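Each of the two blocks below gives one form of the same protein chain as structure tokens; they are labelled structure 1 and structure 2.
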Structure 1
């Protein structure tokens, strides 16, 4: 799969907008490990300047105790970002409606596809994977269980990678849907890597479409970790279903 590129020809420079084009106004806040005094305020301003901002002003400073101080600042960015040189990294597919997905499966595969999902390792946040898989769905978008041509098996929370892989083999899964919500200390990276390694060890990685989702998951990250796609906030069942079926078709062709 290639990345979708959003590129225009001419440079298109933008800069933050406060109340006038290109004034560059940015609000920021942070804590410094310094006792609350004038020097700390100076240091806060210096942080703003180190970020390349001009006219940095400390609009609020507070003593947090224990040698910490909190600051709210405003400053002006004088450099610009060239939007024409930016790319948006996202999985390449067309979102189809539920009915269209079912029809697509009938036409191209002529059998029910098996999707196995789980919130793996220590993560117990099932609301996201449930939103994708369970009948009820999310925000009025039905979940995968409601798709006639998909057998959706949701293993739920805190499923060990070993257990997950075993279940995938047992069910002859076409796609694995992994959810990772907790990202503290990058625990998701370890968990996700562990799963891929295990699938590769079992020699099944390429037989499956492997996707991951979560509020702090991007497609870019997913690809880096060896997944076929990553889905962030506001994903619905039809998005991931569309991706999986189109990806399967793409693979058949090649």
Structure 2
């Protein structure tokens, strides 16, 4: 859904924009553990009403088999969100272009920096770490392997935390980049916590810039787990590289 400012208080109140400004229309989907029939459709509509929505309609439904059904619903909300009361917790840095990052490293460190990345533990989804590290990058944004002043080492998927830490020590890494795509049953929280614990046990946590990324990762969550920064969707290699080099410089000054 797209949020647009309301006509009544353009300074701070917003409500979802569906077809017309301020109509409050939202589209959402979910699965119910019910066989696909009229009762399941009515149950889906009742779920929308239980969420506080009005004029709820089932626009699409599908039989998933084995007693499960999938639904897409529309509904209207009448409440608004006061944007003036919201705060955003995000990493503070200035994104630099690839060439500017290379110059920054040359000017401030005088050597290549070592970035080691991986999808840790049971996570086998490399799309995120590859987008950041691989030469070709993603969506026209070159990955860290293309940076002249960065040695980018991508360990791939299902890398145990012990193996990850050992490689970081072997390469004398400056930064560790962790990708966590799988979050079912909050497995990513256990994985990320274990890595921090191991780095602290080795006495190297404060010597590294530790970054985690993934579709359900926020900067706030990352900080809570002991990481220096967290990046979600729409993050590119230059964002991560810019944060790391600026964080390293900040530590030198402090």
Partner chain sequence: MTQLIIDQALVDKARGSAQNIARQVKQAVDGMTTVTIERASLRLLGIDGVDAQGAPMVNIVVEHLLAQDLLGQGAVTPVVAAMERRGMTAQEVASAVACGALVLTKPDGNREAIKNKALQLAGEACRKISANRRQREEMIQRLGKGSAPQLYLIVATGNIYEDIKQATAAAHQGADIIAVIRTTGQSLLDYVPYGATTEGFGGTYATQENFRLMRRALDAAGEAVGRYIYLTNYCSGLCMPEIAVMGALERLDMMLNDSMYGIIFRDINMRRTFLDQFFSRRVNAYAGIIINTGEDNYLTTADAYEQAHTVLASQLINEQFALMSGLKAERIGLGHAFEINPDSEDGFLWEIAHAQLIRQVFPQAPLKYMPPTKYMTGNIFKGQVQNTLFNAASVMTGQTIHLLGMMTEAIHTPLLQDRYLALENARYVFHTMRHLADEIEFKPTGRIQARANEVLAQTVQMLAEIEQIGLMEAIRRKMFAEISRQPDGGKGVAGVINKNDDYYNPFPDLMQGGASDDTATNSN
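In this text, the rigid core denotes the largest set of C-alpha atoms whose superposition between the two forms falls within 1.5 Å. All of these numbers come straight from a predicted model, not from anything done at the bench. Positions refer to the first chain, counted from 1.
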Next item on the list: Working through the pair one at a time, identify the form predicted together with the partner chain and give its number.
Entry: 1
Item checked: Co-membership of residue 159 and residue 51 in a rigid part between structures 1 and 2 -> no
Note to self: Quick check on the domain motion between structures 1 and 2: what's the rotation angle of the smaller rigid part, to the nearest degree?
What the structure shows: 23
Next item on the list: Let me know the CA shift of residue 78 between structures 1 and 2 in Å, rounded to one decimal, core fitted.
Entry: 6.4
